[in-house]
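Single chain ahead, written as structure tokens, the form predicted alone.
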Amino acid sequence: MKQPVRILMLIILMFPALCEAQEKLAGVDLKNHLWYKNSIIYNLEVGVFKDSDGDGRGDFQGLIEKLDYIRALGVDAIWLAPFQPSPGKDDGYDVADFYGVDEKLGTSGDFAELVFQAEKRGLRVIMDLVINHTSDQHPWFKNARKSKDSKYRDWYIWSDKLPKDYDKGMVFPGVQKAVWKLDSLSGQYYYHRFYDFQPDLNFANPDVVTESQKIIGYWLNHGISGFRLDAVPFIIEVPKTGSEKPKLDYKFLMDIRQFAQSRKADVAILGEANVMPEENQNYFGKNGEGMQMMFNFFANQHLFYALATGKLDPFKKAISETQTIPEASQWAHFLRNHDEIDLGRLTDKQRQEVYDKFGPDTSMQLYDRGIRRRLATMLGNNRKHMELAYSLLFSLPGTAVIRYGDELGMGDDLRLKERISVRTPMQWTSDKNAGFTTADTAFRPVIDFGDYSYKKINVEQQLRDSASMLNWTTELIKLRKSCPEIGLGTYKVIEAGSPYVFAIQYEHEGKSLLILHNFSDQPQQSTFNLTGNKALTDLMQKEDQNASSGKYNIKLRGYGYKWFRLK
């Protein structure tokens, strides 16, 4: 063999190893690029998690003190709600400086220490990226108002006249009255999808796109592993093409993904996009070149219909309709988050059925489409029903996201405004102010009444009780982590022989998993066939099953659930 040919073959044979070595030199492990596929994400707000200095508000140092608690749960990543400087009119989502840390929560040094301490414990940190709008107190907007010649004028969206669709496409109907507001200084109207103190940025302006990339690069340089991209459909709206059905620029999502990965190869972007199944490809990208993850709002809304009524067909259909996504892409599933439960994709009749069960009083409802309660209160503190819901969450195809306090069964405070009802301080102990703060009063009241009072529901008590919701959830997370088929494999919904039983089967690298959930409060018999008549190894209660005459017959108690591995 001639020397040049030998050299060429040697290069070809060594190419994979050379690429891997290059990645390692760049500080990237190829195996970690898809870390989000088999992770559990824990969502919290720094201001309501733990106060370290006695001023009544949570802070980064307080969160650092509780990292061992979060690690002990078994989660992989912490998703932080907005912590940047803000007037606080929308609980931090009205950002006044994208490059800073709110002094009420600590300093940039405190944030750096949080990331360091989290990494020591094997925890990643992802953050809310709220770039579709700014606070009206942001220096950009203040400058933009002064003159049409301002550098920042075209960073926002303006109109000389009040558009005819000024009251269409509101994010907060029933609370919000318009999406355009007359600015007293400029004499023009500015566009705001959200509250009028949150003017929308104009992403048709290349300077705004460039600035958004700088923001992403800045926080990646500070150790962030990913972003929860807020209000994605509104970011990619093409300005002045209609408030209800605007044109959308999906290329922005591909560009932002490409930029983020050029700075940090294993970064993950989790999009908040409540869209129909036929639109999914636009956000994930045809070949997965868009956002890596999206919340599955479509399935979530039909899940709550199933939890409320026991009627499974719409939920099973939603799971099937959201099945086809690129291989590297991933759904994020959740039960509750920091907002209301959005039921806008349900029919009027279906939505009313959910209201009747989970939010019968109008004080529990919000924005003409949702419910502003925590899961435990909606389910009447019924432990069996709560276990069913969380067992299902961790068994759904994708990445599970849990909300701080839900591992305890925390409740809500409907006396608080709008979505703040589900953003009360974490309940650590039965001491004053739930051990959240040593101050006389917390900046936001702790729940100190009824069945969900911190005196009845708190971390300290539940850690001591082996049968507590906290310890049960910890064990469930451990089980989920031992079943990578859910995050990495393929799946199919199985006909379970009962209208109340949801059965799903996973396959991955020769391993198979079968999980059953009974949505009825009455016992159910599930009868079904599986190819190969394999033995079912019970992963929770050690009640293994075998086929009889080619069929499996599984008994499930009311709100019961079973996790099996096929052998």
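Keep in mind that what you see is a predicted model, and the values were worked out from it rather than measured. Start at 1 and count along the sequence shown; that's the residue number.
Separately, the form predicted in complex with a small molecule exists; it is not shown, and the next lines address it.
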Fill in: Y42, K66 and T474 all contacting the small molecule in the predicted complex, non-hydrogen atom within 4.5 Å
no
Worksheet item: Pick from R480, R423, R145, R403: which residue has any heavy atom within 4.5 angstroms of the small molecule in the predicted complex?
Response: R423
Item to complete: Counting non-hydrogen atoms within 4.5 angstroms of the small molecule in the predicted complex, say which of R71, K357, H338, K104 makes the cut.
Response: H338
Discussion item. Please identify, from 327-335, 460-468, 193-201, 208-216, the stretch that has a heavy atom within 4.5 Å of the small molecule in the predicted complex.
Written reply: 193-201
Practice prompt. Spell out, yes or no, whether the shortest heavy atom distance between F111 and the small molecule in the predicted complex is within 4.5 Å.
Written response: no
Discussion item. Although the partner isn't part of this model, could you tell me whether R419 comes within 4.5 Å of the small molecule in the predicted complex, counting any heavy atom of the residue?
Written reply: yes
Worksheet item: Even though the small molecule is not shown here, does F172 get within 4.5 Å of it in the predicted complex, heavy atoms only?
Response: yes
Item to complete: Answer yes if any heavy atom of R228 is within 4.5 Å of a heavy atom of the small molecule in the predicted complex; otherwise answer no.
Response: yes
